[in-house]
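Given as structure tokens, the chain that follows is alone and in the form predicted on its own.
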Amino acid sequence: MSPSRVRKQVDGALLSFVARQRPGLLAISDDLAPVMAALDALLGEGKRLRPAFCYWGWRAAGGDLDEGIVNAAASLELLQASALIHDDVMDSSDTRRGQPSVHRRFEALHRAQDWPGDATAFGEGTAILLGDLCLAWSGEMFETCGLDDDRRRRGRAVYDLMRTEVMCGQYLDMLEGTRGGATVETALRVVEYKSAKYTIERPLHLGAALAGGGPGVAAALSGYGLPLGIAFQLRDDVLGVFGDPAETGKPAGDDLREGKRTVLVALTLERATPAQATALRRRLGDPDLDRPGVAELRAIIEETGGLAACESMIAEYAHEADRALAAAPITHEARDALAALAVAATARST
């Protein structure tokens, strides 16, 4: 099955699952219609990377074309929706995938209806609940995917570990932002648990476990998936500062306004003069950072060599993943698909 076909099937599985859930929610109250609309809008976008890696982990471990793997892989999009909704609340993000973030959407609804009380608190509370609902539904979709009990039992341990790791990674990310003094080492620790394992390594492991793959397959997939996951997040960090809003779905320089203590920022501070470091620290995390302010910080990141160093790290981690994939004991079909996914994960413009 081609990667584009996998994505189309994942989209169909998600649409079908949400369609089955919709009547139950609306039977509780028509007031839940805006909640479903917000979820529809969020699920309508996205690269579907996690389901793709899960599917090709399954194929790499000898799994067949069973429809159940598509449903199991698609459940990861609901987990991702939960993570994104909660992440946007914690970061006070205004947009996600080119549209208002969920908490801003419901904040606007509160104001439009002229309801009493705090619109911000209502938006954040609704977003937390919808994120929780997505988390619950991800587990439900996995458990009802259609794969037999033995396969699901093998995958469940990986799924549980994946959810634990991403929440720990999110906490570490918040902690570094609060401390305000992340080093490259501590920033990479956040990258590993919040993104690299969650986005690539564990989805690969989940697919392989569902297919009955042994420790050797899992180790080979880790050799490819973990460095690629790090490269993926480093690319995302660069795009969060230098990316085109039309491509990223977020305002230019949004990571700077949110004060994200990324590897890119840590590399810049390592190389900065005292004056440059002071300027970066002073403006980083300023929610009112305007276009000239973004341009000033971008210039510091480039002039110090922080951007070049980050690009070099991306290339090194991507090359490590390529070497591991070439040596992995998997089919040519799976290797070709994973090579294409590696390009998609580290592309400069997406």
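Note that residue numbering follows the sequence shown and begins at 1. Values in this document were obtained by computation on a predicted structure and should not be read as measured data.
Below: the form predicted in complex with a further copy of the same chain, not depicted.
Though a further copy of the same chain is absent from this view, in the predicted bound form it lies within 4.5 Å of a heavy atom of just one residue from 65, 37, 28, 295, which is 28. Among 247, 94, 143, 270, the residue placing a heavy atom within 4.5 Å of a further copy of the same chain in the predicted bound form is 143. Taking non-hydrogen atoms only, residue 136 approaches a further copy of the same chain to within 4.5 angstroms in the predicted bound form. With a 4.5 Å cutoff on heavy atoms, residue 32 counts as touching a further copy of the same chain in the predicted bound form.
Under a 4.5 angstroms non-hydrogen atom cutoff, a further copy of the same chain in the predicted bound form has residue 152 among its neighbouring residues. At a distance threshold of 4.5 angstroms between non-hydrogen atoms, residue 80 is out of contact with a further copy of the same chain in the predicted bound form. Not one of 188, 222 and 305 places a heavy atom within 4.5 Å of a further copy of the same chain in the predicted bound form. Only one of 234-242, 68-76, 173-181, 204-212 lies within 4.5 Å of a further copy of the same chain in the predicted bound form by heavy atoms, and it is 173-181. Contact annotation for 155-171: residues with any non-hydrogen atom within 4.5 angstroms of a further copy of the same chain in the predicted bound form are 156, 160, 163, 164, 165, 167, 168, 170, 171, listed in sequence order.
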